[in-house]
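What follows is a single chain, given as C-alpha cells, in the form predicted on its own.
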C-alpha cells in the first residue's frame, strides 16, 4: 500500500516530500505540468533566495496570522534549524543576514535545485514526469484514478494510486505554473475552497496626476508602518515592497470591507515631531521652500516630491504641518494589484476539509500541502518555511 506515492506538483513542497519519502524507502512518481521543477523557487531566487528566518519561535509564528496554532505545531516538527540542516545535506551552506533572514552563502536557486534533483535521482524508485498536466482526479473504491495530458505527445495517460499528495501552489505568478487551474478538479471532489486574493503585492493609490508621472519605483528607506521599520517603494500605481507586504493581509481586508485603506507612514521614525520642527526653525529664509525643506530635514528627492505634489500650499509652507506630515504621511490605497503580479496568494483548500495530518477528511489517502491550502504569510522566509513544514507533516502522516 505504501510502496509508492504519487506527488502532483514539483515545487518546494513536492520536491521536499519526494526527498523525505525516498529517504524512508518509499518510491515516488512526481508529476508537474511545467518543463522544469521549482519554477517559483527560481523566480524568488532572483531577488536573493530567502529560505527562512532566524528569529525566536514566538515571533516567527506571529507571521501566520489566523493559523498560529497550526503553524506552531508544523514548525515544531520541522523548524528553521531543520531547514538549514536539510540545505547543508544538499551542500548548500547558509548564513543569517543583518535582518535575521537566512540565505544560501554561495549557491543560487538554480544550483540548489540541481543538487536537489541529483539527490532525488540517486534513488532508482524515483520517477519525474515533466510537461504532464493533471486533467482528472477521481476516487474509485480505495484508489485514486489520475489522468494526465502529456504536453509533448498530446496524449493522455492514466494511473492509479492509493496515496496521492498534491502541492500545486496558489494562484500568483502564473508564469511559474501557479495558475489555480486545479480548483475545478478539487471542486468535483466536493471540497470547499476559499477564493484567491493577492498577497505580498502592491496596492494602488490615489496619486495626483502630476506625481504619478514623476514616480518610477522610488524607494523610501528606514520608514515605519504600524511601528515596524523597513523599506517600501513608490510606483506610478501606488506602493509596494517588503514593509507593505508585511501588512498585506490587513490592507487587503480593510479594502474589501471599506473600499479603501488609509496608510500612515512615519517617514522619520528616529526623530520626534519637536526635533523635526526645530530642524525647520534653522532654515535659511532666502532659500526657496523646496531648498529649505531639503536642507533642514535632509529630504531625499522622492520625499521632496511627495510633499510638494500632495500637500496643499498652506500645508506645504507651514513648518508645523510639514513636520506632522513627516511623522504621519497619509496615502489612500484602494485596490490590490492583479494577483498575477503578487508574490503569493491567500485562499485555497479550507483547513476544515483536512485533518491535522493535512489529509482530506472526505477522501482518505489524498493529501494537500504548501500554498494549495488557505494560508498566507509575508515575505522574509515564512512562505518557504511554511511549504517545507507542511510537506514534512504530510510525509510524517504517510509513514505513520
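Note that the structure is predicted; figures quoted are calculated from it, not measured. Positions refer to the first chain, counted from 1.
Below, we refer to the form predicted in complex with a small molecule, which is not included among the displayed structures.
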Region of this chain that lies against the small molecule in the predicted bound form, out of 329-337, 41-49, 55-63, 352-360 [heavy atom, 4.5 Å]:
41-49
Proximity of residue 8 to the small molecule in the predicted bound form, heavy atoms at 4.5 Å:
yes
Since only the chain is shown here, I'm wondering whether residue 343 would be in contact with the small molecule in the predicted bound form (any heavy atom pair within 4.5 Å).
yes
Is residue 165 one of the residues lying within 4.5 Å of the small molecule in the predicted bound form, judged by heavy atom distances?
no
Contact label in the predicted bound form: residue 18 to the small molecule, heavy atom within 4.5 Å
no
